[in-house]
Every structure is written in structure tokens, then in C-alpha cells.
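Consider the single chain below, provided in C-alpha cells and representing the form predicted on its own.
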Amino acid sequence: MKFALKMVAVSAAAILLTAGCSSPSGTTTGDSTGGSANYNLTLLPKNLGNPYFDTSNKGAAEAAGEFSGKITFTGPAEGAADSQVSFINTATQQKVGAVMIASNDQTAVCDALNEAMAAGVKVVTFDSDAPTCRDIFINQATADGIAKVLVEMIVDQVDNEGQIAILSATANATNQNAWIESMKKDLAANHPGIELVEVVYGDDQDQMSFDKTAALLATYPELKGIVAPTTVGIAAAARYVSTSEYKGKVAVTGLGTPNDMRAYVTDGTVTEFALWNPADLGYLATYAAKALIDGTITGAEGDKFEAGKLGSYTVGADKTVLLGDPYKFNKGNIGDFDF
């Protein structure tokens, strides 16, 4: 698996390179812009204070430092549908070269993103798309590919039978909704012994996700597993289960970062979870923004560009670039990673 090999090759030291990484307050990173190209870039996560996007920012800052770009990492405190609009408008007013955004709600952000593009700002979506209002989308993996891995893990951990639930981020999250729909189809077609009893939303907030976990376990006493396709959700769910009577009885899996999940894998609360490298996702998004600014690519299918240490990438259908497949972490390999 190409991506897994890339990921294993990345050392802990490389992943932690900050290249002058910004704080969540919105300060800038990297060097001043070089030449005549406008390499002032805004990285706009779903919300600040999220370890997943903090790690994406480290990768973005590393990439920008390699071509004398400058990253401003800024965004809302919470992942509400329209919370990113004012930050997009500010970036447009500042005449940045590109905005790289993980969309909370494609409907809510599209007007602002279209205005940005009309003003000459390149728009790169990553992690969560806004298909009708961007130049290019950096997809961490296909929806079906992510769903397949999530289903594989939960089916294996509950012995392919019993009740499971999904703890997602926000109800409007484009990416998670696509993964969940694909999971439902896979479960219905291939795993008749599994009953998906409910999908709940923790809004990518730790305490809300913790409380939703408690409510699921109280409501469904026969529940055998929880799948959280969000790094905040899986960590909160694991924290609740780790000190409860459900430890060792209810499987917790999904998408998480090794550093957030290490203690829960070590103590046996979590057997296995998955993720791509969010630092690589931010790194690739930044090089895609550079390629758009330079005119190397336009987003047309077949366009090619170089992305530093990650190598060469080709734009696919629907102006999408695929980072790679998710990687599974467990007790046997989690010690090899630090992010």
C-alpha cells in the first residue's frame, strides 16, 4: 500500500517538524514570500484546538518553509456550519494567494469561497470538501476506502454480529456523512448480523462526544461497538469506556491520532483504529496551493505537480487529488509513530 509505506517511512522527528508552526491564535508561520508569487496562504480548519488540524498545520508549515511561503493558521473555536465564513472573507480582503479549508458545511461556505476565487484567491479544500466552490480538493482517501476500513475494524472486533453505533462530528460534515452512508451500504450488503442502532453527533467537542458515548451505552445495554470517524470523538469515547464497566466488553474504533489513542491501546480499551497522516495532508494541500498559484496546474484532470518529500501527484476526476489509503494502528505498531 503506497500510502502506508510513505507513512511508515516518516520518522517521529520529521512529523514533529514545525517550521516555525503557529499557535492556534492565528499567528503566521514560515518565511516571508519569495519572488513575485503570492505565497501568503491561509489554512482554515474546521475548528481550532483540534489535535488533528494542529498536526495538519505542522505539515503545512513544513511545506511552506520549503518554498519561502507563509501560513496563517486561523479559524473558529467551534465547528458550526457558518463559523468559517468571516475567516474566508478576511483572507479575501487581505488578498492572500490561497485559502486551504476543511469545510464544515459546503452550503454555508460556498458564497464566500466563490467571492474569494472571483478576487483571484486560489481555493484548496482538504479533509472535507466543498465541491462547487474550490479549485482543487485534497482527499485523504476515497469515501468508500475509508468506510471499508472502518467496517473491517468494527466487524472484526465484534465478531461480525451485534449492535453498533456511530459517534460522528457535526451533522453537516460533508466527509463524515459520505463515509457513514458508504458504511451503511457495506453493512447492509455484507454483514447482516450487524445492527447499526444509531448515529449520534458530538460536534467535534470532547465533552459533548464523551456525553454522547455515555448516553449510547445507557440507551443500548446490548451495544457491542462504537465507531467514531473523528479524532475528537474516538478519543472521548475511549476515555469514557476506559474507566467504565464496558471496558473489554464494548469495542471502540474509528479514526484517531496515535498520540491521542496510545494510552487506550496500551491499556486494552482500543484494539485497533486507523488514520492517514494529517501532517502529510496539510503538506500536500500546501504544495497544491503553490502549484495553483504558479500556474503549474489548473485543477484539470491529468494535471501533475511535485509535492516535496511526498513526490509527484496527479489530479484526478472532479479536480481531486488522493493522498492515499488509511493506515491501521494497533499495539504492535503504534510505538513507531508520534503525531
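Residue positions are given as counts along the sequence shown, with the first one as 1. Just so it is clear, the model here is predicted, and its values are computed rather than measured.
Separately, the form predicted in complex with a small molecule exists; it is not shown, and the next lines address it.
Screening V241, A141, V123, L255 for any heavy atom within 4.5 Å of the small molecule in the predicted complex leaves a single hit, L255. Shown without its partner, this chain lists T269, N175, T72, Q205 as candidates; in the predicted complex, only N175 has a non-hydrogen atom within 4.5 angstroms of the small molecule.
Residue contact check for T213: none of its heavy atoms lie within 4.5 Å of the small molecule in the predicted complex.
In the predicted complex, at least one heavy atom of P229 sits within 4.5 Å of a heavy atom of the small molecule. Looking at T55, you'd find every heavy atom of it more than 4.5 angstroms from the small molecule in the predicted complex. Taking the partner from elsewhere, N277 is found to have every heavy atom lying beyond 4.5 Å of the small molecule in the predicted complex. Stretch 176-184 is the answer when you ask which of 108-116, 215-223, 92-100, 176-184 has residues with heavy atoms within 4.5 Å of the small molecule in the predicted complex.
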